[in-house]
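Given as structure tokens, the chain that follows is alone and in the form predicted alone.
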Amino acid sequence: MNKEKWIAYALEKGFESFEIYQDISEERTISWFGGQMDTFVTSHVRGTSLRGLIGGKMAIMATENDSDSLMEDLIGKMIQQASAITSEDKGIIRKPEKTDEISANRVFIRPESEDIKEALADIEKRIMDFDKRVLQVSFMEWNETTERREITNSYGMDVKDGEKIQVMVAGVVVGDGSEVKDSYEFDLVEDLSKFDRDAFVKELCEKALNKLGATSLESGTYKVIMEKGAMSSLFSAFSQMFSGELIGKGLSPLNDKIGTKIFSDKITVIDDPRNTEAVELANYDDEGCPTYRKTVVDAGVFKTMLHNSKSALRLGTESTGNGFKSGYASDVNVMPKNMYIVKGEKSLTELEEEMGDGLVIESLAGLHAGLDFITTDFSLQCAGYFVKDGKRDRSITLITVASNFLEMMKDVIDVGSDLEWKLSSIRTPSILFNGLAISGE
């Protein structure tokens, strides 16, 4: 694709400004089942998104074929599209801004295919040998993805960003008599030759085995530790409440809440696309706006809305560098990037000791159907284990937790130290809450 040619032609046809966004991804996936390789898939995809401002309207076109022979046809279709747009929102193609770029701390070393197969076979054997109650390795997979984003526009912008990720994934089925349970585990692997296979297998198998013999819990109000995985999922489900786009449209529970206390003073929320501990690092958002670290909630007080260029213009402010696409063909939306709750000082074990008697929730189900984003009420199926006198007592299942997210986040006893970055760009440590309603027996 001759980008200069496309931009020049678009301007010649009347576009006031024009942008070419490309997402280039390469992937290799090897799956393993029953002692042998099940699939071996490689892919290379280059997706191109064109955005252009003409007559004050923003036209958007996406394609996986960026041949120069299609230039006139695609740009012609964008002109037709713009003439049909009725929205009064003003589109923006950004001008380039200088910024100091940083690099990720993680260095992923690409292994040979034979080394991956050996690791998968060995880990499968270790899982089967871990405990006689292990019935089957339900799936195993190695996945590596390299992604690069490039943004070029008529104002002279030419920026590049990208990341690489390598992941080991496995699932296991365990049983005792007629009872059968399953679980899965995944882990980032920077260097396969140094990957702790025993630790991976132990975490996977114990997670599944701990589900055996689980019982329900008498309905009531309990002190609850929302373990880091479950807490991250719940926080992620409500993370769009900080979006300036939704706040500007009156669709966020935080309308008119800037500068007010919305959480406990133990809760501080950071959004930092440049966090080198996270999996994804972005020097620029998908509009080419430089990113930066920002405090969204400071000791419980809502301080900063997240914005892309359009939402910032609507509210008379500046973009916070949170304009991201969910895929190359999508529009630019306001999204958090590497958002997290600042960790405390106590381990999960120490939180359990502080709680004394109560429930640790390890998993939540029904997040999309079981919550109301506007009111922040939620009622979700969950599972975990009961803690008695500060020690793990028994596994719990077949229960439901219900609360109001904003009220819950004001009733925090303590925040754990176990913040851990995995694949998600929204993470929290485990958090101990004073009292949540549990429905069970």
Partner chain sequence: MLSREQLEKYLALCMSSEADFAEIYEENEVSETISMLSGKVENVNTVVVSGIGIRLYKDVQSVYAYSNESDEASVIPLINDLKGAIGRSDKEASVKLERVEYENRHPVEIDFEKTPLSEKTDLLKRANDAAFASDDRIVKVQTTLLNVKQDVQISNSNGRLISDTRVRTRLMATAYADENGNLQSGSDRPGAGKGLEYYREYTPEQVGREAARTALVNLIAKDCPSGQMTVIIDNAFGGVIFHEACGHALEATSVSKNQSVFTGKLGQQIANTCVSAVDDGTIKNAWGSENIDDEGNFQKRRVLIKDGILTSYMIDTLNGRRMGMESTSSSRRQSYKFEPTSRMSNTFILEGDAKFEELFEGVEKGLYAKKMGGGSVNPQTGEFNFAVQEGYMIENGKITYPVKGAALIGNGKDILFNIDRVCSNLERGQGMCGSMSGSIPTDVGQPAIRVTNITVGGTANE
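The structure displayed is predicted, hence computed values, not measured ones. Only the largest set of C-alpha atoms that superpose within 1.5 Å between the two forms is called the rigid core. Numbering follows the first chain given and starts at 1.
Although not depicted, the form predicted in complex with its partner chain is the subject of the following passage.
Undergrad: State the residue from T99, S233, Q136, S347 whose non-hydrogen atoms include one within 4.5 Å of its partner chain in the predicted complex.
TA: Answer to the contact question: Q136.
Undergrad: Among K228, K181, R149, R274, which has at least one heavy atom within 4.5 Å of its partner chain in the predicted complex?
TA: After the contact test, the surviving option is K181.
Undergrad: Can we say N65, V173 and A365 each have a non-hydrogen atom within 4.5 Å of its partner chain in the predicted complex?
TA: All of them do, each having a heavy atom within 4.5 Å of the partner.
Undergrad: Tell me which stretch of 185-193, 365-373, 151-159, 299-307 has a heavy atom within 4.5 angstroms of its partner chain in the predicted complex.
TA: Looking at the other structure, the answer is 365-373.
Undergrad: Indicate whether its partner chain has at least one heavy atom within 4.5 Å of a heavy atom of D411 in the predicted complex.
TA: No, D411 sits far enough from its partner chain in the predicted complex that none of its heavy atoms falls within 4.5 Å.
Undergrad: Please determine whether K391 contacts its partner chain in the predicted complex, using a 4.5 Å cut-off between heavy atoms.
TA: No - in the predicted complex, heavy atoms of K391 and its partner chain never come within 4.5 Å of each other.
Undergrad: With heavy atoms only and a cut-off of 4.5 Å, decide whether K249 touches its partner chain in the predicted complex.
TA: Residue-level check for K249: yes, a contact with its partner chain.
Undergrad: Please check if E353 has a heavy atom lying within 4.5 Å of any heavy atom of its partner chain in the predicted complex.
TA: E353: no, not in contact with its partner chain in the predicted complex.
Undergrad: Taking its partner chain in the predicted complex, which residues of 386-416 have any heavy atom within 4.5 Å of it?
TA: Heavy-atom contacts to its partner chain in the predicted complex: T397, L398, I399, T400, A402, S403.
Undergrad: Superposing on the rigid core, I want to see if I413 changes position between this form and the one not shown - specifically a Cα shift of 2 Å or more.
TA: No, shifts by less than 2 Å.
Undergrad: Superpose the two forms on their rigid core, then report whether the C-alpha of L70 is displaced by 2 angstroms or more between this form and the one not shown.
TA: Yes; L70 is a residue whose C-alpha shifts (by 2 Å or more) between this form and the one not shown when the cores are overlaid.
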